[in-house]
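What follows is one chain in C-alpha cells, specifically the form predicted alone.
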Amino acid sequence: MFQRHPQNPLIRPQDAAPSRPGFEVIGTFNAGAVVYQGETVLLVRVAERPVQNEAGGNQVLVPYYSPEGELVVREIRRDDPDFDTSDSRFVIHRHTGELFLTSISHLRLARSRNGVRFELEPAPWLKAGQAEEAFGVEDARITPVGNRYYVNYTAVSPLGIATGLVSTHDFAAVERHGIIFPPANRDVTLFPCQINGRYVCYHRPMPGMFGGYNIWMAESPDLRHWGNHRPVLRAQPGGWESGRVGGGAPPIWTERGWLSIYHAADRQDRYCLGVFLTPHDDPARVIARAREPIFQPEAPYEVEGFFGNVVFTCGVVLAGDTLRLYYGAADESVCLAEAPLAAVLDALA
C-alpha cells in the first residue's frame, strides 16, 4: 500500500558534513518528522566516526564524551586479547563486558518546503550533554503538544540505553527535561494530547532474564514523571515480529481511533513496519492490528547498507488524506513512502 518515492534515498551520508575535523559520516537515518510553519522538519540521526588513518589498520577508534563533556577518541588494538573487535559496530571487553561504540550519533535539523528536497543543517541540533548520553543521542520522535514540540530520543552511555526529553517552540531554542525512562528503555512515542486528564506514551522496556521486547503504555501528569505502566502489544511467536516490537512514529488521531505505526523484527533482525489501532479514550486496548507488515525491506537501499534488511520509522506526517512515512533504510539513509490513510486503516483486522 505504501509507494516509495522515486527520489529515494532523500538524505544520504554523503549529504551530511561531519560535525568536526577528523570524522566521517556513515549514517543519516531514523528521522523524527513534523510540519512547522509550512515546512516539513526532520530531526535526523547522524552517525559519524573517527577517520582511520592508513597506518592505524590494527587499531579500532572508539569515540565518547568524557564526564567533563569533551569528546575523547580511544584507540584499541585489534590484537589486544582483552577485547573482542569482530563486530564493526562496537568493541567489547572480554572480561568486564564493557562495551564501546565505534561511532557516535547526534540529531541534526533538516527542512523542506515540499517534503522531498531537504536542506540539512551543517551543525548538530542536539548532541550529548550529560553523562547518560556519553555514547550519543539517537532516534528522535517529535510530538506537538500545545504550543511546544516535545522531542524524545534514545540516550546511550556506559550506564545503559535510556530515554531523554527536550522541547522547543521554534526549533532554535532547546529546553532539556532530562531522562524520563531509565535503562533499559527506548522507542518512546508520545501522544499529542491528554487522554482522560493524563499525558500518555508508549515505551519499550528491554528485560533481561524474563519477558520479551514488547510495547508498554505509561501515564504522566507533566510529561516528565511516568507511572501506571502496563503492556499493550506483544511480540508474536514465529514470523515477522517474533524477535521484538517497539514504537515507531507518534500515534495519529483518526476518526476510527489512535493509529500507531510500529516496528517489528524477527529472530534474524529483519525489520518491518506494522500498524495497530486503539480507542480514543483507551490507548492501552488494541482493537485492530494488521496481520502482515504494512511495509518491509525490498528496495536495494533497504536490503543492503550499513545494517541491511531494515526499514524503521520515527516520524509520519499526515498530509490531507495521505500518510507520508519517513523511514530509515538499512541504518544508512532517510527515505520516504506514501499511502492513503484509508488504505492503511483497511489493513487492520
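Please read these numbers as outputs of a predicted model, since none were measured by experiment. Note that residue numbering begins at 1 and tracks the sequence as displayed.
FYI, the form predicted in complex with another copy of the chain isn't displayed, but the following is about it.
- 179 is the sole member of 179, 109, 252, 275 with a non-hydrogen atom lying within 4.5 angstroms of another copy of the chain in the predicted complex.
- This chain appears without its partner; in the predicted complex, the one residue of 279, 122, 158, 144 with a heavy atom within 4.5 Å of another copy of the chain is 158.
- Within 4.5 Å of another copy of the chain in the predicted complex, a heavy atom is found for every one of 205, 214 and 229.
- Proximity of residue 263 to another copy of the chain in the predicted complex: non-hydrogen atoms within 4.5 Å are absent; the residue sits far from the partner.
- Residue contact check for residue 96: one or more of its heavy atoms lie within 4.5 Å of another copy of the chain in the predicted complex.
- For the chain shown alone, residue 172 is not a contact residue for another copy of the chain in the predicted complex, no non-hydrogen atom being within 4.5 angstroms.
- Another copy of the chain in the predicted complex comes within 4.5 Å of a heavy atom belonging to residue 234.
- This chain is displayed without another copy of the chain, yet in the predicted complex the stretch 221-229 from 221-229, 188-196, 254-262, 112-120 comes within 4.5 Å of it by heavy atoms.
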